[in-house]
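For reference, the chain that follows is the form predicted alone, supplied as structure tokens.
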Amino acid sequence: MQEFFAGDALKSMSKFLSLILRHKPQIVGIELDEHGWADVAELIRRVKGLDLATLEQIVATDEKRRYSFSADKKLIRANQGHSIAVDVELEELEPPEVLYHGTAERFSASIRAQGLLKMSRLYVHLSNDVETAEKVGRRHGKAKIFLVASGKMFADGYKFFRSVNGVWLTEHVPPKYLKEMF
């Protein structure tokens, strides 16, 4: 009988998988292919306490839908948020007229001056709604929400992509396309 993780243990394993599949696969001795895929059998062999049932539970219950299996469930990858160079095969799409970015208030001055930068990630992450952006911003302190004139950016030639979990991605948002909300 498979032992399922619950509560904090499942959340901890999910965070560890995020570290492996987005930033540091080498810490468990696995490699990601050029599209960010990891071999499920190898991952299970290398991560103590992980089995297929637990991995399936993490993918199915992760509220941010961070992970995807290949159709045959032999491969797994993080949908976005990588700090290592992978091509998660994102399709360029026209974004809605406005998107939102949530951050901690302490970063506001820098954002007003430089815009939204991808920092150590491959893309800037944007949300469809204020509520999601606010939740993201609260992870690091008092939330600050910026409205992004994504429709105008797109018209001006900026590229946008949408991850399979609905997160909008772009490489940079210059200050002129931003408006502070709260």
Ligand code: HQG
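What you are looking at is a predicted structure, and each value in this text was computed from that prediction instead of being measured. So that there is no doubt, residue numbering starts at 1 and follows the sequence shown.
Note that the form predicted together with this ligand isn't included here; everything after this is about it.
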Task: Position in contact with this ligand when the complex is considered in the model of the complex, options S70, T61, Q26, Q114, heavy atoms within 4.5 Å - done: Q114
Task: One residue of L55, V136, A149, A38 in contact with this ligand, assessed in the model of the complex (non-hydrogen atom, 4.5 angstroms) - done: V136
Task: is_contact(H101, this ligand) in the model of the complex, heavy atom dist at most 4.5 Å - done: yes
Open item on the list: With the partner left out here, check for me: in the model of the complex, does some heavy atom of R121 sit within 4.5 Å of this ligand?
Closed with: yes
- [ ] Check whether H140 has any heavy atom within 4.5 Å of a heavy atom of this ligand in the model of the complex, and answer yes or no.
- [x] yes
Task: this ligand contact in the model of the complex: H125, any heavy atom under 4.5 Å - done: yes
- [ ] May I ask whether R66, Q80 and F107 each come within 4.5 Å of this ligand in the model of the complex, counting any non-hydrogen atom?
- [x] yes
